[in-house]
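This document starts with one chain, in the form predicted alone, laid out as structure tokens.
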């Protein structure tokens, strides 16, 4: 966000035993609010949109005050000029795709009602304009829902887990379209999600939300590689997140080596300058524990470490050059390998099991 579109949120909203208590300043173009289910993400978006009123506080976007309990200001949702995209691509079933997109324009009586060509082109939905929602796939419906929000020319775009209802393949195809929106429209975006990979792919800044409160904020690759993000990582199945510098890169061999202390982590080739840090994620169940370093296997990564903790008998914390690796093993394997705190072990990781969490990926 530019200086004149700083977004100040200082609000409290109570629901029984739960209290949303937010005091933050959003300053970048794409802000991700990352939190587990029940942390208050949707409640926060609803307070911003005006569909829910805080009990007290202020919401100020640039020079516009949306809500101020002391001054008794509470701008109605339709006067805030926001676009809101939900988990499901809610569309009017009786309207064609084109009429769905134009619906918001007609309600706002836009003078330039024919200017949807850029939105249609960027989201690649020109061939869908005459179809009805029941003729679209899940990914297509979500692109149309995004197009409808953009056609309203909002001052701010709110996205409430817009990819949550899509499977992994569809998510990976929609993310590039979100990048196009980020790069082609001067609209600040607040993107709510519980998925770390989505946050890393899009965000310029990230806020971690836990039990109604912001627990950490900053650059995504730093915040999401910090201990503060571990509870969310565990819930989303990505237990190990690191930001590691590039040690070497060889396009002919198709590999890039990342520094992890004096050891290296080999990943598929990426075109990144030497020394630049990149964030990566590894699932705990994708790491194999060995007592020997020289194994006749195809895995490119065999990292020496020491057992630091044994959690719940099947989750190990392995220290590798100061980095903690969470590893999931069976109870039988732990007994067979005689795993205990302080034991030297080797973490075996296939290169394709290392997920690159990169903004341009």
Partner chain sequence: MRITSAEVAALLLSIKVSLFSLVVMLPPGLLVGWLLAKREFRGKSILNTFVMLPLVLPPVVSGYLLLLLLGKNGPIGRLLSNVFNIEVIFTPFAVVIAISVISFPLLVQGIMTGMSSVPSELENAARTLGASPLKVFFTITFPLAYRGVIGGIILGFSKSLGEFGATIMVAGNIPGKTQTVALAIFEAVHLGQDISAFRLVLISTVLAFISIWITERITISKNRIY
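Positions refer to the first chain, counted from 1. Quantities reported herein were computed from a predicted structural model and do not represent experimental measurements.
Missing here is the form predicted in complex with the partner chain; even so, the following discussion is about that form.
- When the partner chain is considered in the model of the complex, residue 148 lines it closely, a heavy atom lying within 4.5 Å.
- The partner chain in the model of the complex is approached by residue 134, whose closest heavy atom lies within 4.5 angstroms of it.
- Taking non-hydrogen atoms only, residue 91 approaches the partner chain to within 4.5 angstroms in the model of the complex.
- In the model of the complex, the partner chain sits beyond 4.5 Å of every heavy atom of residue 265.
- Taken together, 15, 53 and 67 are entirely out of contact with the partner chain in the model of the complex: none brings a heavy atom within 4.5 Å.
- Contact with the partner chain in the model of the complex, judged as any non-hydrogen atom within 4.5 angstroms, is confined among 211 to 219, 120 to 128, 255 to 263, 72 to 80 to 72 to 80.
- Distance criterion of 4.5 Å from any heavy atom to the partner chain in the model of the complex singles out 84 from the list 84, 207, 242, 191.
- 152 is the sole member of 152, 247, 187, 166 with a non-hydrogen atom within 4.5 Å of the partner chain in the model of the complex.
- Contacts between stretch 239 to 276 and the partner chain, counted in the model of the complex as any heavy atom lying within 4.5 Å, involve no residue at all.
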